[in-house]
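There is one chain below, alone, in structure tokens, taken in the form predicted alone.
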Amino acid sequence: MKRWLKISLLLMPGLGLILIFIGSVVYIAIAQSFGYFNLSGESGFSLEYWAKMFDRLSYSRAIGYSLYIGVASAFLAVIFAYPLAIWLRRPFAGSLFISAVLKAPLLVHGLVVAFLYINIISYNGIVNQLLQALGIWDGPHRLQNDSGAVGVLILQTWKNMPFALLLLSGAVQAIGDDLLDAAADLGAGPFDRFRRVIAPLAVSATQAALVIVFVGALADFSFQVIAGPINKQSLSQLMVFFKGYGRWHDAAVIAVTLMGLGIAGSGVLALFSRFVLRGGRLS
């Protein structure tokens, strides 16, 4: 008991302040979504803002679109990071340089990447010019702000893959060679070694990677504004829209929705990845 008390006292200056600030922000957002902390009138409990939001078609569409971006980005980042982590598991000539290059997106701000991407795929950008020079297209095509949000997924995957790679590399490198050699001696091919040895042992890192990328992509704003579809809005865009018109209660409803989706979606992704990577077992 004394040990835990000492640990709590040591953590209190840093962790306590963090919990206080985060807790106060979350509390204000939740309370404001129910009518409290009114900046321009009387405050009081009300379900009016939630009821009106549920009646808005833009709200339900934003939820579906944000979930699509979050889930797709998480799986794409992990799918691309896994083979790279396995490839870089054993050091070889140039492996450190390749690893550094792959982690370069961590040093580049997302807004810079988004603007560069738009310039590359613009109507008179490099991609259009190259495809016309090769004779594949007769004229330039509009590629930016596509309705399927392919551009957003490309940016999210490029930006978040290094996070997944860092987590998965540590988990994969911790797996002993004797386990993989034993599996190979028993006749397991590369895919079977991944499915039966690597994936189950690295399931915690996979869960962490999926959750981190999902939460970040779910609430992202910059990529959506620059490269996202013109006729679709994410929850973050909708929240900024309401805030811009001084509708703080509606913006708070969106904020609480994002927090709820982030928590629920993270739990579902964690359970799903554990179930799949452990052959249908959650334990």
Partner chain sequence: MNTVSVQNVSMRFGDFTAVDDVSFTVADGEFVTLLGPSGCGKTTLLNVVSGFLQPSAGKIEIGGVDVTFVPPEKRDTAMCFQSYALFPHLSVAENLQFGLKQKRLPAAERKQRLNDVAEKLDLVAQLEKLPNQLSGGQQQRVALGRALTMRPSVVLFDEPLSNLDAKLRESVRLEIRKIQADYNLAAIYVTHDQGEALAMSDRILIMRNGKIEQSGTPTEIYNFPQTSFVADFIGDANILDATIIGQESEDFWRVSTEIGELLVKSDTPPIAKRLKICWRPENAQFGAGEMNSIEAPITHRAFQGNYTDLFIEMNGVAQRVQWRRSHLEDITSLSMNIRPEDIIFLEAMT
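Positions refer to the first chain, counted from 1. If you're wondering where the values come from, they're calculated on a predicted model, not measured in any experiment.
The next section is about a form of this same protein that is not shown, the form predicted together with its partner chain.
When you look in the predicted bound form, the only residue of I79, A184, A133, V150 with a non-hydrogen atom within 4.5 Å of its partner chain is A184.
For a residue to qualify, one of its non-hydrogen atoms must sit within 4.5 Å of its partner chain in the predicted bound form; none of D55, R61 and I63 qualifies. For P190, a non-hydrogen atom is located within 4.5 Å of its partner chain in the predicted bound form, even though that partner is not displayed. Residue contact check for R196: one or more of its heavy atoms lie within 4.5 Å of its partner chain in the predicted bound form. Although the partner is absent here, D178 lies within 4.5 Å of its partner chain in the predicted bound form, judged by heavy atoms. Among heavy atoms of L201, some come within 4.5 Å of its partner chain in the predicted bound form.
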